[in-house]
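Listed next as structure tokens is one chain, alone, in the form predicted alone.
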């Protein structure tokens, strides 16, 4: 029976640092990812892709605001739905091209994620979205629109929205059926469209579900064998930015939790990925991998330590396996 891997791609994997997000740029980046996915399929894996959408939603929010005098602005959860369709199309076309007609099926599923309206995150919005604003404009938007605003990394002010925990995936049975028939599935894009449920009624809410935690929820619910979190570096680093910095080849869940408690994995960087990884391994007994696109396939194939990413495995405290450095200046 084919094994299943859920591959979580950051929105920055589609629009990379220094790029403006043109159609040509996003298409080229999607092709690189699609080639890696096709190699996974050739190795016998069922593949489910979860993508981020931060840069794309940010650009769409700017377009909405700039054109507000011409067409009505749409709520945030609709912007999420728009980019889920946009990036689902982009990834699907890239997979068809890379697969050369060999893939049994490629399907993008617009996915809804049920969240709890009582989640404390709704009382403490922390997720920055949309364009950077000066303080005067930000305060005016907060007053006129009821937004929560805050400074983001010293670069200006942005709108802050809630980032609640992922709950039930509405389309999970359909996603499972597609995986079982061998299709490559793109699902839960951007963390899924957040909705609250009242009986049979689902209502969209302005929030952002973390993409990595949504990928973990999807992988655990599907009973996947591996959760792969694709980022811009080949491996997780400890003591990043210090003379003691070193790359990790493998660690147990207990070690990962200990490193997290010690502040090794910042929230704006590796924190959500490592939280998703440990949750998945604890819930399923499977393996999580953190790596870049270039090392994705070799990480699944169990290549030599220097050729694979960081693996998070079940178990108690054992010595973290360090590998020789592969890239000076890699961020954690």
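Treat the numbers as computed from the prediction; the structure is a model and nothing was measured. Residue numbers count along the first chain shown, from 1.
There is another form of this protein, the form predicted in complex with a further copy of the same chain, and it is not shown here; the text below is about that form.
Chemist: State the residue from 252, 141, 86, 220 whose non-hydrogen atoms include one within 4.5 Å of a further copy of the same chain in the model of the complex.
Modeler: Checking each option against a further copy of the same chain in the model of the complex, the one that comes within 4.5 Å is 86.
Chemist: Scan 224, 193, 228, 214 and let me know which has any heavy atom within 4.5 Å of a further copy of the same chain in the model of the complex.
Modeler: Among 224, 193, 228, 214, a heavy atom within 4.5 Å of a further copy of the same chain in the model of the complex occurs only for 193.
Chemist: Is residue 21 close enough to a further copy of the same chain in the model of the complex to count, meaning some heavy atom within 4.5 Å?
Modeler: Yes, residue 21 sits close enough to a further copy of the same chain in the model of the complex that at least one of its heavy atoms falls within 4.5 Å.
Chemist: Is there a heavy atom of residue 67 no more than 4.5 Å from a heavy atom of a further copy of the same chain in the model of the complex?
Modeler: Residue 67: yes, in contact with a further copy of the same chain in the model of the complex.
Chemist: Can residue 124 be called a contact residue for a further copy of the same chain in the model of the complex at 4.5 Å between heavy atoms?
Modeler: Result no; residue 124 lies far from a further copy of the same chain in the model of the complex.
Chemist: Using a 4.5 angstroms cut-off on non-hydrogen atoms, would residue 26 count as touching a further copy of the same chain in the model of the complex?
Modeler: Flag for residue 26 set to yes.
Chemist: Look at the stretches 148 to 156, 252 to 260, 67 to 75, 230 to 238 and give the one with heavy atoms within 4.5 Å of a further copy of the same chain in the model of the complex.
Modeler: The contacting stretch here is 67 to 75.
Chemist: Where, within 161 to 177, is there a heavy atom within 4.5 Å of a further copy of the same chain in the model of the complex? Residue list please.
Modeler: 170, 171, 173, 174, 177 sit within 4.5 Å of the partner.
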